[in-house]
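So this first bit is one chain, no partners, the form predicted on its own, shown in structure tokens.
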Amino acid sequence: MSATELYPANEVLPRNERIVFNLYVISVLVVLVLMMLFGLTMRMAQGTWINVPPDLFYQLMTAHGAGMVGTVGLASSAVMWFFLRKYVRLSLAIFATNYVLFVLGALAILASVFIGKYAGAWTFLYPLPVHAMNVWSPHAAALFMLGYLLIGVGFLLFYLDAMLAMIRVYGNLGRALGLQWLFGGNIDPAHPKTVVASAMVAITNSIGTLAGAVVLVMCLVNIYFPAFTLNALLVKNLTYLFGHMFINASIYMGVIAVYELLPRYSGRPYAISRPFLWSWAASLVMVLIVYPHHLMMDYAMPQWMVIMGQIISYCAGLPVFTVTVYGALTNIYRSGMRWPTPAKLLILSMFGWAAGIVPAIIDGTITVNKVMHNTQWVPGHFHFYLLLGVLPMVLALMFHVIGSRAQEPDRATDKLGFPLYLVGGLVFVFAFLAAGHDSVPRRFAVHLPQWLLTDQVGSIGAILVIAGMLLLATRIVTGLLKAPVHADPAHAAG
């Protein structure tokens, strides 16, 4: 089987797997659009185009932050599952359980926010959830944390199943990562890059998820047994280890789509190499120890941790990013490839990842962080990653899958949806970054008159993003519901 075959037979999903995969995709698209509408509502409220009471604003902010990050994680886990299942035997029951626990967790979070009025942001930082000044009850805070816990358990089961499956095939996780070839030896050219990336993600995000589970259980006990007091600094460290690791794992799962799909559209193999293996091995270590860069404003932090966070901030994203982007560019250079929607989305994801790193590294510098961290610069850089980096990776797989079922070229809706999404995303994130440059604070429900222009420009960008997303999502859902067929690769690539 050629590495550049567009629709290999081992990617055809049996009926039960197809049903579960379709549930993932359709649910992800529905929730993403809903979270985008929440985001648009907040931007328009800040820009005074609509009136949203501050208490509702912070409920929307809490639901948007938790929901968007969780949903992107779910979408990226579907990418990892779709490709990893070709190389190791994954449990469909575990994959389905992850979906069920996610849905239950999402419903608990939404109920805590919109029924219980919980509005403590995704961080649930102690002691805010239990000192809400009667805005919400301790039960609402507990329900929010229980929702997180359910989602975390689902992901942990998924990663444990993936690690067990890789150990069965490769003997141990080190060999799955390709560590045996770091210092010499002939690299097996057939060793899947998907396995390398999946092993790294499973190890690191299992640790991050366990940290999240520990801190959530601690906080839940504190809610109902206040005498069980917590160390606020320890809680914050565990929380940000969990949050930072989760969103980074989403990127690293999503990039598997680039490794698997780009060679098929360029018609060129995407070979594994020693620098590739070194980059993933280095990132495994660095992504676990970089999270203190979120805590530079916490002067009680041990100094060595803050220094470590500063240094690793400049290094953590570069190894995998560099080999991936360099590999992608050399793969398509003078390839004569055509540009169907999946290929355009894959290259957009490389741009979004690359450009999103720049404001992140700027903010990761202590002298800048002191001024910029609590401004809209921060949502500017992480929306860059999500909107123009991770989501295009996920959407590329979705369009690729429906291409195998539809056997037809891009429609007018695809050709319109992509530029709407791209232009809207750029306008949206640069409005955030411009506001951050002007020191507009983040998380303010009410803005001063001199801040309104970037709010209103950002709202226009959000409207364009949602319009593009609706077109793309509609096309994906209608394509998924078609009966699978075996496509002719030459026809589909064109």
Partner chain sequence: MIMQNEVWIITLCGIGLVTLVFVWVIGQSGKAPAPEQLQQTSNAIRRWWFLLLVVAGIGIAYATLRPYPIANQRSNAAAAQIVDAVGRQWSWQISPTRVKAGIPVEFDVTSADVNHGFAIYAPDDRIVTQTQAMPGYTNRLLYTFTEPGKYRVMCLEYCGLAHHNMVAEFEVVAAEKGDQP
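This structure is a prediction, so every number in the text was calculated from the model and none was measured. Positions refer to the first chain, counted from 1.
Not on display, but discussed next: the form predicted together with the partner chain.
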Checklist entry - Hey, with the partner chain in the predicted complex, do Gln303, Val325 and Met372 all fall inside the 4.5 Å heavy atom range? => result yes
Item to check | is_contact(Trp49, the partner chain) in the predicted complex, heavy atom dist at most 4.5 Å | outcome: no
Checklist entry - Applying a 4.5 Å heavy atom distance criterion, does Thr365 contact the partner chain in the predicted complex? => result yes
Checklist entry - Would Met133 count as a contact of the partner chain in the predicted complex, using a 4.5 angstroms cut-off between non-hydrogen atoms? => result yes
Checklist entry - So in the predicted complex, does any heavy atom of Pro275 sit within 4.5 Å of the partner chain? => result yes
Next on the checklist: Please pick out the stretch from 202 to 210, 229 to 237, 173 to 181, 146 to 154 that is in contact with the partner chain in the predicted complex, where contact means heavy atoms within 4.5 Å.
Outcome noted: 229 to 237
Checklist outcome for this item: From Met44, Leu464, Ala445, Val457: within 4.5 Å of the partner chain in the predicted complex by heavy atoms is Ala445
Checklist entry - From the list Val285, Val100, Ile307, Leu107, which entry has a heavy atom within 4.5 Å of the partner chain in the predicted complex? => result Ile307
Item to check | Within 341 to 361, the residues that have a heavy atom no more than 4.5 Å from the partner chain in the predicted complex | outcome: Ile347, Met350, Phe351, Ala354, Ala355, Val358, Pro359
Next on the checklist: Flagged pair Val320/Phe432: C-alpha distance shifts by 3 angstroms or more in the predicted complex. Which direction, closer or farther?
Outcome noted: closer
